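Just the one chain here, the form predicted alone, laid out as structure tokens.
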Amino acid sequence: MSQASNPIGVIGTGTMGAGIAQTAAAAGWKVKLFDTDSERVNQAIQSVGKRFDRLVEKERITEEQAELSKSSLVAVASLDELHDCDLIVEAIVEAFDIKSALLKQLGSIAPSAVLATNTSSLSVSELGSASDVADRVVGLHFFNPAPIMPLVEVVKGEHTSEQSVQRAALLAEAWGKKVVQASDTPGFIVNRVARPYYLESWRIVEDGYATVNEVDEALQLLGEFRMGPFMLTDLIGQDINVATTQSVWERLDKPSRLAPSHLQTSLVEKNHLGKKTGRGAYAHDDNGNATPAIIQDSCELELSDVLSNAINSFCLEATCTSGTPLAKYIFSRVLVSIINEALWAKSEGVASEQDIDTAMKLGTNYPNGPFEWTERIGMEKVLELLVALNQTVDDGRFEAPPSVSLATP
């Protein structure tokens, strides 16, 4: 366990802040914790301490390691006490004015610290500019629960220095995280490339071709996704999923590919938010049973020969499992949309193919990265399917990025 010479600061002691503090303390760092509510800081330190005790019970760490980690967590009463920190991570409310004001304050309190924001929906560049220390502001996007999820997206703002990016990345790696680097674009990698998994699934149900459980089953069976999109959004909360979609769609200038689903939005309006309200895409009872709760007019799936052939040749390479024509349609339509979003993200310089693949496997538990799948299927078959699907819609949302279309015969 390597002990760092300088402490790190964590501001905000909700689930995410406490999780980041636990991660750093477990790796041997002294962590100074601050929250506007001092009682919450003490509660966070106690609850993280109990987590370390549980790890001892499970024989994951020794008692000595637990005591060392617990003693590394220190509550501070004022921001001024963070002056000697190497890195300060803010994990406070997702509000631009509050975050930027805090970063500005930290800029003068800790003149040599890298200032990291755990934002998932705000622009790192804009936060940096508003804070007057843009060269030191970097995005450090952890996933929930932070101590367990291996991925961290390190996000370079427009004016972030390379030194700040490298410092943040090295620290996250030293805490045992797998780091991917993303440019400052809406949704970064994971929250953007994962959108079509949900959106095309909702649209298939809106089209009347399949029920929510048929879509979930097809994607689990043929795609080996751990959880279907409807069960997953019920677990996350339909409201949270819709808010992320809305934010990414608006900030990317409203591409038709990422337009929110009317059906999903209407659930949120009715307060059918998923498991937490007892009803979302499914109705959930107290015994963990789920029954499809969305009744749509159904219509027969009719495929042109061109689309049918494109689906079959795509599925032949993309999956080892055979399924009904409907299951193959669902799987290929959703997967090719994820691949297409990854192609758009790469073409816009969001991240490298390798980092996109790593992010999707570790951030969302996908069995393969979109580029790994593309290599397996063949770009020609991917483009054939996109062209065939595009002929069935009037919003052009299956269009591949121009660079890909031109580069491929």
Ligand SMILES: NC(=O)c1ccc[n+]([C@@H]2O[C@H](COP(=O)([O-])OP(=O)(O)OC[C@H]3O[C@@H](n4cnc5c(N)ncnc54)[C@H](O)[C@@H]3O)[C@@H](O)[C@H]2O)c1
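Start at 1 and count along the sequence shown; that's the residue number. Here the structure is a predicted model, which means the values were calculated and not measured.
Below: the form predicted together with this ligand, not depicted.
At a distance of at most 4.5 angstroms from this ligand in the predicted complex, none of the three residues Ala218, Leu221 and Gly323 contributes a non-hydrogen atom. Among heavy atoms of Trp344, none comes within 4.5 Å of this ligand in the predicted complex. Interface membership of Glu64, defined by any non-hydrogen atom within 4.5 Å of this ligand in the predicted complex, is ruled out. Within this chain, Thr119 lines the site of this ligand in the predicted complex, having a heavy atom no more than 4.5 Å away. Of the heavy atoms in Gln22, none are within 4.5 Å of this ligand in the predicted complex. Checking Ala77, Ile295, Cys299, Val93 against this ligand in the predicted complex, a heavy atom within 4.5 Å turns up for just one residue: Val93. This chain appears without its partner; in the predicted complex, the one residue of Arg40, Lys30, Arg51, Lys361 with a heavy atom within 4.5 Å of this ligand is Arg40. The stretch among 351-359, 31-39, 380-388, 64-72 whose residues place heavy atoms within 4.5 Å of this ligand in the predicted complex is 31-39.
In sequence order, Phe142, Asn144 are the residues of 142-160 having a heavy atom within 4.5 Å of this ligand in the predicted complex; the partner itself is omitted from this view.
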